[in-house]
Structures are given as C-alpha cells and as structure tokens.
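Below you will find one chain, with nothing else, as structure tokens; this is the form predicted alone, and questions on how it binds or moves follow later.
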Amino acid sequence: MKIICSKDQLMYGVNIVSKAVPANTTMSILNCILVDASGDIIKFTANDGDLGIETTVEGNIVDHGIIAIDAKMFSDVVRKLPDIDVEIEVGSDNIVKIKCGKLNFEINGENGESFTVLPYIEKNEAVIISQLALKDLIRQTIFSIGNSDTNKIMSGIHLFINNNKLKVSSLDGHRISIRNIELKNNYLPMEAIVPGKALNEISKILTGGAEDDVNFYITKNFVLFEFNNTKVVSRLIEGNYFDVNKMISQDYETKIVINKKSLYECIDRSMLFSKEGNKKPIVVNINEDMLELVVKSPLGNMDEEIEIEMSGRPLVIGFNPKFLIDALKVIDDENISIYFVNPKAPCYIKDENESYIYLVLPINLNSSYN
C-alpha cells in the first residue's frame, strides 16, 4: 500500500476515528486504526465492538492495500509532522514507512485483514435531522444519564420517534431530562436506547451546521449515523426504557417565573459552600414575589433573594444545587417557569410548549439540613 495525503487530512481522520479506540483492552488490534486504501477512496476506521467510526480522507492512492496502525503512535507521529504532504507506504512485512519531506518514520503495523470492520447496517428509511438540532439535543440531555453499571439502561439516551415528533429522554434516578422537537418528515413509530458514550462522541464530531443534515438508521441491535463523509455505528442498549410520561405530573401547587441567568448565578455562588465532604443542600424559600436561596455549611453561609412572579402557595424546599444548575446551563430561554407540587415531590422546569422538561428530585430538609 502507498498513499499520499496532506498532514491536515491525516490529522482530521485520526482525530475522528480515535474516539472509537478503547481506553483499555488486551486485544492489540482494537488499539489500532485501520487505514484502508483497497478501493477508490482512503478510509480510516476504529472499532471497539460497541462503537465504530469510519471516515474518508482525501489523498492519492498510489498502491492499493490496507494496514492497521496503533492509534496512539499514529496520532503522535502525525501530530509532529511538518505541514506538507505525507507519504505512507507499507511493505509485505507490515512495516509502515511515513515520509514527510526529509523526515522518515517507521512504525510496526498489523495485518489489516484481522481488523473487525463495522457491522453491516440495513438502511431502511433514514431519519433526517440537522447537525445543529442533534448537537443541541445531546447537550441538553446527556448530563442526566446514569454512570452506574448496575442499571445499564440509565447509561443511555432514549430516542422515540412517531410521525414528525422526536422525543429524547435521559435519567439517572435523581432527575429526568426530556426534549421534544419536530422533524422534517413523518415516520412510523420507532425507538432506541443509544449509549451516552456514543452520543457524546458524535457531539464532538458534529460541526453543528443548521443546514447540514445527519441521517440515522435504527435497527434491532444498532444505530447508524451518517454525516460529513463519516459513519458512526453504535450497539444499542437492550431492554425497555422507563415510562417517563408517568413520572411527569401536570399538577402543581406553586409556579414561579424567574430570570434564568439570575437563578443560575445565584446557585453557582451557593456552590462555593458545597465542596466535596461538606455537601449541603440549597434551601429555596418561595414567598409572594421573592425567592430566597439559603445555604449553610461548615465552610460558611449564604443568603440571596431574587425577584419572581409567583402563583399558588408559598413553599420551602431543598435541592442538590448541581442538579438544578446542570439543567439551567442548557436552557436557552431568558425567563423560565418552575412548577412545584410539595416539598417532597419533584420540581419541573418546562416551557409552555413542553419542548423541554427537566425534573429534579428534592432533598429531605428534615434529615439533611440543619
């Protein structure tokens, strides 16, 4: 095999597919990037068995062939090359010779034939969504997935499609994040639980263009995303997702409308007193036209008031400040509405059309705050 590419193209391909190289594995081939120049285009692929990424690289194919190269070594070498064209040549001994100007490297490669290629995905109707919309959906829900191995379903994000509606949900036992958007086309009902890891890596690759589309295909065991000459295949999480509709109440006793930036900054200041080992809840006291936020800890105390519009009953309730601030961080509205049922029930942050819903469980102040 012999190919000639620019350093920028090599770096582009390596950076994208390296996201599917496992951090720890005893199988050396999984630590590799497959460079495939056996056809008319140059393809880079990485695959850890659950997540696989393939992208194309622009360049000239002098001699056809394939080779698997250790991802870290390949990345480190390419990063240090001059910004000129790079020649990569592989002989029968799987030694990878990298030539860039007067600079020469030799890397031990592995037989590309033993590399596990991406699984074949039968493409039925593609679900089409803009890169900007998908990137936003991931950003606005991924923070509330669970990270425990005891319940794998919580480590994924649930996609549910019906007609032209897409509902995206995540939860970790303390909070729920829901986003609802309209798609360009209508579809038959379909759903999938996509690992958070896969969506997080996709988010890093997406350019975020509103005019650039992502096509994705859901099958029984996999989901395939295609965009920017890149394919991302992820194994789905098996099982039935939680019925989040039953967890969301339409009833409330207290509703407030508050400036999001003011609330975010207030909670952010309160977290100065909620360091590791000294975690204390924030106490939210809602009364007429004022929200008072109080925190008391061994590190010190804080008390701040914010003007609100309130309807319903006064209320005192406690929260883990991180759970509130994580939701506020991804809401783009200037003013938000928060609904409360009682001091022991979740609060709901949602807009009028329920394009977003964030549920946060409270903390029992009787046992945890003094």
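Note that the coordinates shown come from a computational prediction; the quantities given were computed from them, not determined experimentally. Start at 1 and count along the sequence shown; that's the residue number.
One more form of this protein should be noted, the form predicted together with a further copy of the same chain, which is absent from this view; the next part is about it.
Within this chain, Asp93 is remote from the site of a further copy of the same chain in the predicted bound form, having no heavy atom within 4.5 Å. Contact annotation for Lys204: none of its heavy atoms lies within 4.5 Å of a further copy of the same chain in the predicted bound form. Looking at Leu272, you'd find a heavy atom of it within 4.5 angstroms of a further copy of the same chain in the predicted bound form.
Remark: Met290 counts among the residues lining a further copy of the same chain in the predicted bound form, judged by a heavy atom distance of 4.5 Å or less. Residue heavy atoms within 4.5 Å of a further copy of the same chain in the predicted bound form occur in exactly one stretch of 215-223, 151-159, 107-115, 244-252, and that stretch is 107-115. Contact with a further copy of the same chain in the predicted bound form, judged by any heavy atom within 4.5 Å, is made by just one of Ile142, Met73, Ile181, Ile121: Met73.
Checked against a further copy of the same chain in the predicted bound form, the residues Gly239, Pro82, Pro189, Gly173 give one hit for a heavy atom within 4.5 Å, which is Pro82.
With contact defined as any non-hydrogen atom lying within 4.5 angstroms of a further copy of the same chain in the predicted bound form, the contacting residues in 286-316 are Met290, Pro298, Leu299, Gly300, Asn301, Met302, Asp303, Glu304, Glu305, Glu307, given in sequence order.
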